[in-house]
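Shown here is one chain on its own, the form predicted alone, set out as C-alpha cells.
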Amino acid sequence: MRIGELSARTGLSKDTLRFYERIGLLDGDRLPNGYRDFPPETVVWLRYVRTAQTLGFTLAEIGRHGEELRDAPDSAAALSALFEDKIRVVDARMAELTALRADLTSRVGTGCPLRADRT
C-alpha cells in the first residue's frame, strides 16, 4: 500500500510515516516511480508503535525491541520481560521524583529556596 493509504488506515500523518522510515522503524519498498510501497502488516506494526509510545517506550526502544519481539519464539514472554524492565525504570524515576518533591517541599517558605546550604 502507498503512504497515503497507510496514513489513512493508521491516522498517522505522511510526515510521521516518513520520519519513522528515516529512523528505521518502517521499511517500505520503493516502486520504479519512486512511490513507497508498504506491506499490509505495517498497519499492525504501527499500532504496536503507538501503543508502546503510550506505555512510555521511546522510539529507539521500540525499534530495538521490535526486532527482538518479531524474532522471539515466545513473543508474550519477551514482551512481559520488556514490561518488567520498563516498570523498574518507572519505579526508579518515581523514587527520584519523590525525593525531588520532598526537597522542593522543604524549601517552601524559606528565605532563599535555591540556596544549597540553607539550615
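Just count from 1 along the sequence shown to find any residue number. As the structure is a prediction and not an experimental result, all values here were calculated from the model.
This next part talks about the form predicted together with the DNA, which is not shown.
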Exercise. Of the options A81, V43, L69, L59, which one has a non-hydrogen atom that comes within 4.5 Å of the DNA in the predicted complex?
Worked result: L59
Exercise. Just to confirm, R30 within 4.5 Å of the DNA in the predicted complex by heavy atoms?
Worked result: yes
Exercise. Going by a heavy atom distance of 4.5 Å, is T10 a contact of the DNA in the predicted complex?
Worked result: no
Problem set entry | Close approach of R36 to the DNA in the predicted complex, 4.5 Å, heavy atom | yes
For this session: Report yes if any heavy atom of R50 sits within 4.5 Å of a heavy atom of the DNA in the predicted complex; otherwise report no.
Result: yes
For this session: Can you tell me which bits of 15-31 touch the DNA in the predicted complex, meaning any heavy atom within 4.5 Å?
Result: D15, T16, R18, F19, Y20, R22, R30
